[in-house]
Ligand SMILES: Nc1nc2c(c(=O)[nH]1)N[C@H]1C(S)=C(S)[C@@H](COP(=O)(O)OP(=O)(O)OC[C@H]3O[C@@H](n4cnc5c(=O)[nH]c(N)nc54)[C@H](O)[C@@H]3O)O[C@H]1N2
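The chain below stands alone, shown as C-alpha cells; this is the form predicted on its own.
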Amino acid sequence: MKRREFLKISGALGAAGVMPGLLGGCTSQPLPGTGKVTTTPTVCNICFWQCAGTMYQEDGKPWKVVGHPDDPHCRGRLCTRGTGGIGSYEDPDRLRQPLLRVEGADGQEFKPVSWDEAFDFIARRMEAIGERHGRDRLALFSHGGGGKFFRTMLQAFGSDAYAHPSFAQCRGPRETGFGLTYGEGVGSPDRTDMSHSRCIVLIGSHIGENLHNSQVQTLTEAIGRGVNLITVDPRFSVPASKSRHWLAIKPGTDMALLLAWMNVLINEERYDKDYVANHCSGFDELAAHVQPFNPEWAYLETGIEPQRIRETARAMAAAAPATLIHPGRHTTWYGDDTQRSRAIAILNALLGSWGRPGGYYYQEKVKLPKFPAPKPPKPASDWKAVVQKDFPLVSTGISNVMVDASIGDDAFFKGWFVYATNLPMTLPAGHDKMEQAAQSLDLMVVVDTMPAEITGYADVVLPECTYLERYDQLRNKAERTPTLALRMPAFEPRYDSKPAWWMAKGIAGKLGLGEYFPYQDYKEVLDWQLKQVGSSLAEMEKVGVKAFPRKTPVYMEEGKPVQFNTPSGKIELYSGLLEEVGQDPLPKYTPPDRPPEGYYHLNYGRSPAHTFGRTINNPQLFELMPENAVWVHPAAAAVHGVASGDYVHLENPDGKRSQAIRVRVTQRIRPDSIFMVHGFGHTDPRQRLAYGVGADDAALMHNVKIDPVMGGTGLRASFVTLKKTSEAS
C-alpha cells in the first residue's frame, strides 16, 4: 500500500459546481466608476518583479488595478499579467479551507478540517520527525515572500534547509557566474542600465515576451533611440524582430560565440584597456585561452558566419562602455550554464560596462531593520555540507538536489513545507520525483492559493489568501532609487483562506515557539519598521510607495579605485575559486548533444499573458491565451505532414508523450528546433480552465544536464519528435 496516494481535490471541497462565464454573462451592469470608488495600495504578486500599484474598488467590489507612478519597477504601468491580477482573487477554483489526508472507505481522501486541527496535525508530525530523525530534517521549498514566515518557523524549530526553485531552475547560473567574476550578482530586478545603452546584446533573452516590466519599458525606449540591438536566438523572437542583427544560432553553442567575440575584441585590441588594467585580474590568462576560438572556428559550431561575428563584436566595441551584454533571466540551459554566464560577465568586463552608464549600475535599497525577535537555535547539522557537498560555491538550497535527498528510507529530509511553487511542473520529470518523495517523506505541507498539482501529494493543504487580501512584508528591493512599497489588503480573505504570516505563527504556537512571532497582527511589524526609517504604516497606506535618498553613487566614480568583493579585490577574469574546487577557471566550450534522426531540439519560453503555469487558470488571463502551440519550421512540418492548426503529440526518445498541442508552422524557428510556451498541459481537473489544455514541456525533458558548479538543471538539452493526431487539446 502506498504511503501517500496522489489525490484530487473534488469540486465539493474546492470550487463552486458551475463555472461562471468568463465575461460575467450578458446581464446589464452599471457603468464602471459610477458607484462609490475607494482605493488601496498594493504590490502585484503575479510575478517576482513585484510592481507597486493601486487597487480600485467600486461599491466594495474589484474594478481595476493600475501601476503606481512613483514606482521604479513599473513606472506607472502594469503589464498584461499585472492588470489581470484581479482574476486570482475571483478565480472560482481557488482553495477554500484547510484539507487533511485521511483514510476513507474507498482509500485515501482529503477531508476539510479546521485550522486548529490542521496545525495540531502538522505540529505532531514535526515533533515525531524531530524525535526520530532530528529537528534539522525538514526542508522548505518556496517561491515568494510569504515563504520567509515559514522559514522563520522552521529555523525556530531547528531546521534551516530551504530552496527557491527559481535558483536551480532559473537564475542560479547567472548569479553564481557574475558573483565569481564581480563579487556580486545581477540582482532582482536586474541592474541593467538599458536607458543609457548604445548597444544591447540579448542571448536567449526574450524581453517583450517575459514582460519584466521596467526592463521592457527601458528596452523599448532604447529601441526608439536607435540602439544597436543584437539578438542571439534559434527563434525569431519579439526582440529579434526589433534587432539590427538576428543571429540564429545552433542550440547549445552560445559559449562558442562568446569565446569568438572575446577573441575578436582582444586580438583587434578593441577591449577597454584602461578599465581592464585598473579593475581586472587574469587578463593574460584569458587572452591566451581564447586564441583558438576565432570566428572561423565558431562558424563551424554555431552556424554564424565569421564576418557577422566580427561585425557584431566591433559594434559592441564601438558603443562601449555603453554596451550591455544582457545576463538573461532563465539561464539553466545545457549544463555549462555557470560558465556561460561567466563568459557573459567577462565579455562585459572587456567592454568596461560594469558600473558604467549604459551597462550595469550600482543598486541600493533601504536599510530596514528587522523586527525584534529571538535568534533561532543553531541547527544540529550543516545540511549543505551533507546534502550539497559537491557544490561548495553555492550558499543557497539547490531544489533538485534537495528533492533527491528526500527519496528513500535513508533520505536526509523527512518533511517538506512547499510554499507557492508547483514542483511537479517546475522540476524536470517532476511528477516522477514527487511520487518517489511522497513514498519517503513523513510530512508534506503545501501552502497555495490554487489546487496546483503539488497539492495532490500533500498530507495537509493550507489555503493562502491572494495578495489582494493580505498585508505582507514591505517590498524593499535594490534598485536605482531606494524605495519601499506596501501591499495592503483591498478585501477581506474569501472563504477560509489566511495569510502566510498567520499560518506560520499558528504552527509555531502549537510547537511552543510563539516567541519567534512576537506580534498579534503583522501590521505591528510594518508600523515598527516604517517608524525606524521615518515613515509609518498610516503614511504608507496613503502613498503606497516612498522613495529614500541614495547614499552611494549610481555608477563607478572614474579615476577612483574600486574594491570588488572577490578574493583579489578585482574583477576576476580568471577565477581562482573555481580552480580551487576543481572547476575550469576560464569558460570552456563543450559541444552540445545533437538530436537523434527525426527529433528536434526542445526549446521553450514565456508568454506575455502568463506567469509560467501559475496563471493558466486565471479567468482574465486565460481569455488572452487559452492554450500554447508548438512552432515548427516548414521543412520539419513537411516531413511530418502537418500544417498550422493541426494537433500533434510531442514524444521524447524515451517514448514519453505530451498532451495534444496545436501546430504553428513558421519560418521564425530553425529547422532543427521546435518552440513552445511553458506552463500549459495541466493534468488535474481541479483547475477547470487549465485542465487538459496544451502541452507541458517539463514532462518531456529526458536529457537533463546538471551544472557542475551550482547544481542546477540544464533544461534545453532534450529532444522531441512530432506524432500527428486527430485529437484536439
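Throughout, we count residues from 1 along the sequence that is shown. Predicted model only: the values in this text are computed from it and were never measured.
Here the subject shifts to the form predicted together with the ligand, a form of this protein not shown in this document.
Only one of the listed residues (Lys505, His330, Arg356, Lys414) places a non-hydrogen atom within 4.5 angstroms of the ligand in the model of the complex, and that residue is His330. For the residues Ala298, Ala156, Leu578, Leu211, the 4.5 Å heavy atom test against the ligand in the model of the complex is passed only by Leu211. Residues with any non-hydrogen atom within 4.5 angstroms of the ligand in the model of the complex fall in just one of 289-297, 261-269, 331-339, 111-119: 331-339.
Although the partner is absent here, Ala420 lies within 4.5 Å of the ligand in the model of the complex, judged by heavy atoms. In the model of the complex, Tyr604 approaches the ligand with a heavy atom inside 4.5 Å.
Although the partner is absent from this view, Gly509 stays clear of the ligand in the model of the complex, with no non-hydrogen atom inside 4.5 angstroms. In the model of the complex, the ligand sits within 4.5 Å of a heavy atom of Gln169.
Along 231-248, these residues reach a heavy atom to within 4.5 Å of the ligand in the model of the complex: Val232, Asp233, Pro234, Arg235, Ser237.
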